[in-house]
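The data below hold one chain only, encoded as structure tokens and taken in the form predicted on its own.
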Amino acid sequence: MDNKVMYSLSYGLFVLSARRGDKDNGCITNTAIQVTTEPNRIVCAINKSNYTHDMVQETGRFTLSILSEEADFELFKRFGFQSGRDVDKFAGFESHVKRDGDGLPYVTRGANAWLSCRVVSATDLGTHTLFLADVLDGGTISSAPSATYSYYQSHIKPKPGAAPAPSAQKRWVCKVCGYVYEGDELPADFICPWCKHPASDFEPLA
């Protein structure tokens, strides 16, 4: 099967945020959709390796910032290419954050709307957990169009720069975030340390 066929599915892009105690955290997800209107419910899939996953699983609450075409790559680097276990993703970003009625943060920079949600159930999907949640509150931030995964690939993610200096080792580049792996072979079970995508999303770099 050609795995690239999956790229033809349409995806939005979101910052999913949580709060546990006095700790805020958030991660990028492309899996969030409305599933019912009465009651108003959505589902979100979160990778189990994300620190935000554990926070949502424990607290049963999260916010979803719907990213727009005004989002820049720095936003994706902040919330997608580093772990909340190691850094405070909201540090220095306070002017671009607001909070719902219960104090959970949501992102206003590069977002056109936000939702505040309460988990109803969780389904184990292996590498991810699928959270079904009630939408408790929400609001509009801007009229900018929502960013799709395709838009991110074409307009937000930086294009490859000048060819790097020759390397004695082979190189593979992640088609999602641009991370470059060097080695004689790319392990079949390799997971991108930046965006958590598998080896199937890498291609040889000339």
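A quick note: this is a predicted structure, and the numbers were derived from the prediction, not measured. In this text, residue numbers run from 1 along the sequence as written.
Another form, the form predicted in complex with a small molecule, is not on view; read the next lines as being about it.
For the chain shown alone, F93 is not a contact residue for the small molecule in the predicted bound form, no non-hydrogen atom being within 4.5 angstroms. Although the partner is absent from this view, T52 contacts the small molecule in the predicted bound form, with a non-hydrogen atom inside 4.5 angstroms. Interface residue remark: T108 is not counted as part of the site for the small molecule in the predicted bound form, having no heavy atom within 4.5 Å.
Taking non-hydrogen atoms only, Y152 approaches the small molecule to within 4.5 angstroms in the predicted bound form. Site annotation in the predicted bound form: the residue of I156, C174, I141, I28 reaching within 4.5 Å of the small molecule with a heavy atom is I28. Of the candidate stretches 130-138, 98-106, 114-122, 83-91, only 83-91 has residues with heavy atoms within 4.5 Å of the small molecule in the predicted bound form.
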